[in-house]
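Quick heads-up: the C-alpha cells below are two forms of one chain, split into structure 1 and structure 2.
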Structure 1
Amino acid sequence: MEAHKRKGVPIPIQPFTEEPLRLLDEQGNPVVDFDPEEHLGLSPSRLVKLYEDMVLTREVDRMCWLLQRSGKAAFHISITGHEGAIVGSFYALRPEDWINGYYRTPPAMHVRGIRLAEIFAQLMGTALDPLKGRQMPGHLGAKKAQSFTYGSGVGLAHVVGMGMARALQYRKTGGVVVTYGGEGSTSEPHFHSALNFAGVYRLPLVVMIVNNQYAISVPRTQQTAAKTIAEKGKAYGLPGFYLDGNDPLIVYHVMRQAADRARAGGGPALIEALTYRLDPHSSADDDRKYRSEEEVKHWWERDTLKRMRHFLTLKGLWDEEKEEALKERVRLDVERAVEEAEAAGLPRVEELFEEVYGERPWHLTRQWEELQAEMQEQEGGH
C-alpha cells in the first residue's frame, strides 16, 4: 500500500513490522507529522464523533455489566480497552460492507446502525432484540447493520466470513467482509482455513485480530511462538499489519486502505491490533488469578480513550466542559435505552416458529398448535 506524505514525512503503514504501527504515542501525541483531514479523510467533526462513539461504547459496556450483576442479563463479555480498535475499524468501513464480529463487538454496534435499546434488548432477551431472544447474550447481529449473528465457536467468524467474501466476489457487489476475533481465535483451524482460501481466491476479506494478550487466562506467549500474529499472513500470501490497537487513528487508516484494496480486487489482508483487556474476560472470570494489579494499572494508564481525548485537545477540538457534557449525555441516552428495552417485555412465544421458512410448513404449524394447547392447559391448571 502506498504511504501518504505530508512535508516529506510518510505515514508508516508497511506490513510485517516488528513494532506496532501508530500515529499517536501512548499519551496521544502525534509521532509523525500528519493532517487528519488531508491524509485520513477525517474532518474535525468526524474526529470528534469518533471519540464520542468510543465514550458511548464504554458507557454501554458499563451498563451491560450492571445489568448482568443485577440479574437482568445472564452473561456479559466486556469491550473496555478495545474501543479504539473496534470503533476505529468500524469507522473505516462503508455501509455495503459486512462484518462478522465476535463477543466483544456488541457494545459498539450502534456505530453500524443498531439502536442502543436493541443492543440492551439482545443482552436481556426482550422483544426489541433483533434476534427475538433466540441467541445467548453477546451474539448480536442484524441485517440492517450488515452484520452476521455471532457464533459461539472461537474463530468461527473468520471461516464464515471467508465464505461470505467468496459470495460477494461472485456477485460483484463491491462489498468487503471484515471478521473479528481475539488472538485466541488464531489458535483455531477456522483462522488458518479462512486465510488460506482467502489468499487462494484473492477474496475481499479483512481478518482483524484484536490482540488483548489473553485467551481467557492463557497468555499469548503460550499460544504461539511467532513474534506477531500479523506475520502469519506471510504463509498465506497476504499482507499482515501490526498496529497499536489503542491508537484509533492508525486502526482507521490501515483498515480503510486494506478494505479499499480488497474491494478493488487486490486481495485480503490480516490486521493485528495490539491492545489490552482492562476488565476480566467475562462476567464469569476472576482475572486476579492469572495477572497482577500492577499489569492492569499499567495498561489503564495507556487507555485508548485518554489517548484520543488528548489528541483532540491538542487540535483545539476538546476541553473539560465538552467532556462533562458528553458524559452526561451518553449516561442519559444509555439509561433511556435500557428503560425502552425492558419496557418491551418478552418476545412473543409464536416467534419460536417464525422466520425459519418463507411459509410455515405443516409440522411447525402442528407444533405451534400443540404448544398453544399446552399453555392453555397450564393456565387453566393454575
Structure 2
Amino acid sequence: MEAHKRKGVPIPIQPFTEEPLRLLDEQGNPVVDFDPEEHLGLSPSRLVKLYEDMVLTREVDRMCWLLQRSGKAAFHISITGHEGAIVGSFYALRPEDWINGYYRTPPAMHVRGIRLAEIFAQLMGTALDPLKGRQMPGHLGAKKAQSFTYGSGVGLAHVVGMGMARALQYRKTGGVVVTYGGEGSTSEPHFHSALNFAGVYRLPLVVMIVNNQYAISVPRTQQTAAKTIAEKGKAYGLPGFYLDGNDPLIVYHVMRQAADRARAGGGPALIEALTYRLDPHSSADDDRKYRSEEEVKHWWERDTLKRMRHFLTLKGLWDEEKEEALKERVRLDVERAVEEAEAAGLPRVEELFEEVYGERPWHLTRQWEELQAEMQEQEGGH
C-alpha cells in the first residue's frame, strides 16, 4: 500500500459507455497511445510489480486449490481470472483508504499488506488466522491492513462499506472506502441502499463490481435487464464506469480517478469491471452443468495475466527469464507460507465465549462451564 508518486496528464474517461473502456486490447496491445508513467502515474518498476503481484495472486490461488483437494482446507473459492480487476484496483488506493472485500479478494490480500502465511492460515483456520478460525475460507480481512472482514452475505459489504465511508467523511480523514462484489451482488437490496445513501451524502465510496458474467449458474442477463451494471449509477445520481476488467491498467486508472474524486468531496462512483470466472464457482460447484467448455476456453485465451505480460514484454520490461525467476521465487514463498500457517495449530476454544461481547455475560460463562465439563468427559473417554 506504499503511496506512489502521482504525475502526468490523466487519460480522460467517461461514465456510461456502451462498450467497456480499455487501454489494452484482448492480446495486451495498447489501444491508445499512452505512457504508463506519464499518463497513469505508474513507473516501470511499479508496473512490473503489479504484474508480479498478479502472478503471486494466481499462485496463491492454485495453492489454495491444492490445499482444498488434499483436505487441509474445507473449501476454496477462486480468484483465477479476476486478478486484473482486483489487484489492479488495489494498486490504485492510498494508505488512508479502506477496502471491504469479498470471497474472491483473499488470495490478493498480500497486496494490502497481509502476510502470505496469514492468508493460508485463514484458509485453513489455524491460530495464525487474523480471524482466529472463526470463518470459512475466503473471508480474510484484517484491521491492520485497513481491510474489513467479509461476512458471507452477498452485498452486505456494500452497505456496511457505505457506513464506513460515512465515518471517514465525518472524521475528514481523506480516506476512501472501496467495496467489492460480483455482478450478482447488485441484485441484493444492500447494493441499492449503499448507492442511494452514498449519492445523497456524497460519500467517499467506490463500489467495485467484478462482473464475471455468472452468479454461480445464473448468467448476467438473468441477473438484471439493465444494459450494463455501470448504468445502475444513474438511479442514484452517480457516475458508473464500464471497464474491461481483464485490462489491469484501465482498472487502475479509473479506480484512481474515481477514488481521488471521491476523496476530494466529488462523491461516490460505481465501477463495473467485466471479466470471466475461469474456475468453477467454488470447490463445491460443477460448472459443466451450466456453461460450455468452449466458452471457458475462449476466456482462458483472454486471461488477464497473459495480457499484462504481453504489454510488459512490448515495453521491454519483461522476458522469459524474468518469468522463470519470478515463478521460482513465488513457488518458494508460497510453500514457506503454507508451512508457517500449518504450524500454528488450532485456535483456542475459550476465546469463542470471550468474544461474543466485549465482556462475557453470565449466561456465556455458564455455557462455557458446560462445554468444559463436556470436553473433560470426552477426553476422559466416557
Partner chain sequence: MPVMNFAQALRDALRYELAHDDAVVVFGEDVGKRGGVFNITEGLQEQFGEERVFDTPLDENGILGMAVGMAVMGLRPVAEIQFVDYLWPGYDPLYSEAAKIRFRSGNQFHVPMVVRSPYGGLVGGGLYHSQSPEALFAHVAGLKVVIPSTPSDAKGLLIASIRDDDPVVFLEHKRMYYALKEEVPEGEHVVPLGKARTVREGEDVTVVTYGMMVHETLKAAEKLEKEGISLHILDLRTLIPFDGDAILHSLERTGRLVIVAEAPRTVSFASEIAAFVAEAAVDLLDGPVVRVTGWDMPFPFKLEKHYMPNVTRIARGVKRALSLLP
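Since this is a predicted model, take the numbers as computed values, not measurements. Rigid core (definition): largest C-alpha set, two forms, superposition within 1.5 Å. Throughout, residue numbering runs from 1 along the sequence of structure 1.
Trainee: Since only one of the two is the form predicted on its own, can you say which one?
Mentor: Structure 1.
Trainee: After the core is matched up, is the C-alpha of F16 off by 2 Å or more between the two structures?
Mentor: Shift of 2 Å or more: no.
Trainee: For E369, what C-alpha shift in Å is seen between the two structures once the core is overlaid?
Mentor: With the rigid core fitted, the alpha carbon of E369 is displaced 5.7 Å between the two structures.
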